[in-house]
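First, one chain by itself: the form predicted alone, in structure tokens.
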């Protein structure tokens, strides 16, 4: 399995540990990640709102790079998944594609011909790797871990998402947790917005949103929360202390990106997964797993 790898800005910068974890998981599962030199930000809402045509051209550039490699795109970010998939759908229209290709031509970029798929790591694990192979690679089952799935608001809003999950009541992360040996915990706020895009203007609102979601997960019995989006990861982990203070609650809910959760179950060293970089300590999770490693042939 080979994919054009698009980690996105957050996993490439402010939470680089998620990129490290993804590469470790890919290596263990025999997935080849082909880096796209020159790929730019997906636009992440800001460019989408202020210059939608520019955002479309930027994402067409990324899709064209993947097409040159003859590969579909793999991303680990729910927001990147949304905007790249939307762009890919828009560019299936011949007139739109011709218009955007004129922009790419001016930049010296190969024209985009259409047909590149954008797939999140979650979808690749469940559909392309497959549940049987993934389960066979588990060397440190997540026994005893109650995992709350925080999907966020973007992952399942992209075109075609309903082909592998139900946006209103998803189950894919819960299925993944079960394959890894953990106990999936359901809570109402799991498809809510984390508030990331409002951080610059209404951090007070963001911390209240995240506090409400984390408190729901905790009260439902989750000992940790897993998210498929680096932006949710940043808010739920890095802003959790502010969220606790604003809400007057004790939270202390460890946050793991899906790549890190899978990496732990595959037996990858926690240090390689970058869990020591988190603001909320992941130590309680690691300690529960220390005596459960099972090496399979």
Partner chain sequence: MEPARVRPEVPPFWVEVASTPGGESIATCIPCEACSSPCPIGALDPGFSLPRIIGRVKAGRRQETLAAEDLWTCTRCYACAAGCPRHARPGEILGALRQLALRAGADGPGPRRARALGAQVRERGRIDLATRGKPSPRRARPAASSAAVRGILDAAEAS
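Just so it is clear, the structure is predicted and the values come from calculations on it, not from any experiment. Residue numbers count along the first chain shown, from 1.
Note that the form predicted together with the partner chain isn't included here; everything after this is about it.
Residue 198 is the only one of 198, 135, 146, 178 with a heavy atom lying within 4.5 Å of the partner chain in the model of the complex. The contact with the partner chain in the model of the complex, taken as any heavy atom within 4.5 Å, belongs to 153 out of 153, 189, 91, 215. In summary, the region of this chain contacting the partner chain in the model of the complex, judged by heavy atoms within 4.5 Å and restricted to 244-252, 229-237, 262-270, 66-74, corresponds to 229-237. In the model of the complex, every residue of the candidate spot (38, 48 and 55) has a heavy atom lying within 4.5 Å of the partner chain. The partner chain is not drawn, but in the model of the complex it has a heavy atom within 4.5 Å of residue 209. Heavy atoms of residue 276 reach within 4.5 Å of the partner chain in the model of the complex, making it an interface residue. Although the partner is absent here, residue 289 lies well away from the partner chain in the model of the complex, with no heavy atom inside 4.5 Å. Contact annotation for residue 163: none of its heavy atoms lies within 4.5 Å of the partner chain in the model of the complex. Residues are counted as partner-facing when one of their heavy atoms sits within 4.5 Å of the partner chain in the model of the complex; in 95-122 these are 103, 104, 106, 107, 109, in sequence order.
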